[in-house]
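Below sits a lone chain in structure tokens, taken as the form predicted on its own.
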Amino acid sequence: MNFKQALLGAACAMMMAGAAQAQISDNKVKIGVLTDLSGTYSDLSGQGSVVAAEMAVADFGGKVKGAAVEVVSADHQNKADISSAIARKWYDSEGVDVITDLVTSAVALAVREVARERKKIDIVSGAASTALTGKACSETGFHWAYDTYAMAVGTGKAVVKQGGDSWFFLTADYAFGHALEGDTAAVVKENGGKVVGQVRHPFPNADFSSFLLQAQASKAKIIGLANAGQDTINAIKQAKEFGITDSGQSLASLLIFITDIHSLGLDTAKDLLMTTGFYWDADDESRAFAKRFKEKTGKMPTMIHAGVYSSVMQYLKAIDAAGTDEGVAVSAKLREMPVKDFFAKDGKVRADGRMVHDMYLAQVKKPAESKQPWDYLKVVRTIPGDEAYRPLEKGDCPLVKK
């Protein structure tokens, strides 16, 4: 080969490489983790979600279609207006291709609208409202780790079947709490129970005394906690201080995470029923991920952390399959591809954006049953994905053909 031929060959190779990368905007894929870094939900999502996203990127190889992958993060402070402003800035001027985590339903719903307008992708692992796969569903929107329907089907149904047939709800007064209360109340009634009342508390909240006294006065067998994070921890601790559980009433925590159990301690949390999409000690794959995560964060991952990892990994696989990071094309691939990882053994993404996977009904161990740090749960039942999640035709998602 002479010099001119070699030069021509090199130029062709460079042109081909440029064409391959031209399908990736800015020659970079940028993943935004928008989460609660300082408030009520920071322990169960927060910095752990940033770490989980970074782990997924590293495990994928740090590049997709030859383009570098970068993770950025921000604190939405659990406020819809702040989250919308960050999302607009990220999508419009900072090259962010996808926003994930999105703990707090009001935040997730606000970002969903920003993403929809720009045909950008949002993948929710932190928030729970079923509205995300209902009337607020989007061509480029996804709901990954869990939702309020799954929590109700798991914990609510199990508690009623164990004899807890009269309920009073203590509910966080925003979209998530309302959805969790509504979904659980429906399950309670469908299984022969009744709802005797409810009270709404501010979000976030520190003093639950007046709300707990109303719940106690209701004489309901079950006080359903339709809240999460530090609100749940505060409510459970104060209920114990008031002697509510000693007087015959029981608490049903409808959304509780392993980090909450860690904060409460097994003496306080023992025997609580809970529903989760992930438990670190479920199998070898889960343990391997959890060990690496704990080395980086000092704690075991929640289902939100595991969900963020799973969704970011699947997103990168979808870009690789689509050959582009354009939102609509990648979204189509996300709906086509099965999800097979330590989080979802046989997951599938429906037309409404719901990633359907098995959930688990678990019970918190007594102190004597725990054999090592973070050994907090025993799985009572695996709930098949198609049972755990709301039927597709019942969600009122405009994308679903009637």
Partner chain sequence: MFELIGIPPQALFGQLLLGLINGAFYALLSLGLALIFGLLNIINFSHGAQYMMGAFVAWLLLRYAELPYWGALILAPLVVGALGVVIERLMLRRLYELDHLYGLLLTFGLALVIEGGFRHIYGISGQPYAIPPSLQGGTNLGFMFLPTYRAWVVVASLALCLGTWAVIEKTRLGAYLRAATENPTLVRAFGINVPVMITLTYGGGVALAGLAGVMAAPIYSVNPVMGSNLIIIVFAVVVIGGMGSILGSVITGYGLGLVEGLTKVFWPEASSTVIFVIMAVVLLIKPAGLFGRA
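Numbering follows the first chain given and starts at 1. What you see is a predicted model, and the numbers here were worked out from it, not measured in a lab. For clarity, a rigid core is taken as the largest C-alpha set superposing within 1.5 Å between two forms.
What follows is about the form predicted together with the partner chain, which we do not show.
Chemist: Between Lys296, Lys317, Arg118, His262, only one gets a heavy atom within 4.5 angstroms of the partner chain in the model of the complex; which residue is that?
Modeler: Here the answer is residue option His262.
Chemist: Sort through Ser73, Asn234, Ser286, Gln77 and report the residue having a heavy atom within 4.5 Å of the partner chain in the model of the complex.
Modeler: Looking at Ser73, Asn234, Ser286, Gln77 one by one, just Asn234 meets the 4.5 Å heavy-atom criterion.
Chemist: Hey, with the partner chain in the model of the complex, do Ser25, Phe60 and Lys65 all fall inside the 4.5 Å heavy atom range?
Modeler: Not one of the three qualifies.
Chemist: Using the partner position in the model of the complex, report whether Gly39 sits within 4.5 Å of the partner chain, counting heavy atoms only.
Modeler: Flag for Gly39 set to yes.
Chemist: Check whether Asp173 has any heavy atom within 4.5 Å of a heavy atom of the partner chain in the model of the complex, and answer yes or no.
Modeler: Residue-level check for Asp173: yes, a contact with the partner chain.
Chemist: Would you please decide whether Leu213 lies within 4.5 angstroms of the partner chain in the model of the complex, comparing each non-hydrogen atom pair?
Modeler: Contact with the partner chain, yes.
Chemist: So, Gln162 and the partner chain: in the model of the complex, are they within 4.5 Å at any heavy atom pair?
Modeler: Although the partner chain is absent here, Gln162 would stay clear of it in the model of the complex, with no heavy atoms inside 4.5 Å.
Chemist: Among the candidate stretches 192-200, 90-98, 136-144, 110-118, which one is within 4.5 Å of the partner chain in the model of the complex when only heavy atoms are counted?
Modeler: Contact-bearing stretch, as computed: 192-200.
Chemist: Going by the partner chain in the model of the complex, which residues of 225-245 come within 4.5 Å of it through any heavy atom?
Modeler: In sequence order, Gln230, Ile233, Asn234, Lys237, Gln238, Glu241, Phe242, Gly243 come within 4.5 Å of the partner.
Chemist: Compare the position of the CA of Ala288 between the shown form and the other one after a rigid core fit and state whether the shift reaches 2 Å.
Modeler: Superposed on the core, Ala288 moves its C-alpha less than 2 Å between the shown form and the other one.
Chemist: Core aligned, does the CA of Ala186 move at least 2 Å between the shown form and the other one?
Modeler: Where the cores coincide, Ala186 shows only a C-alpha shift between the shown form and the other one that is less than 2 Å.
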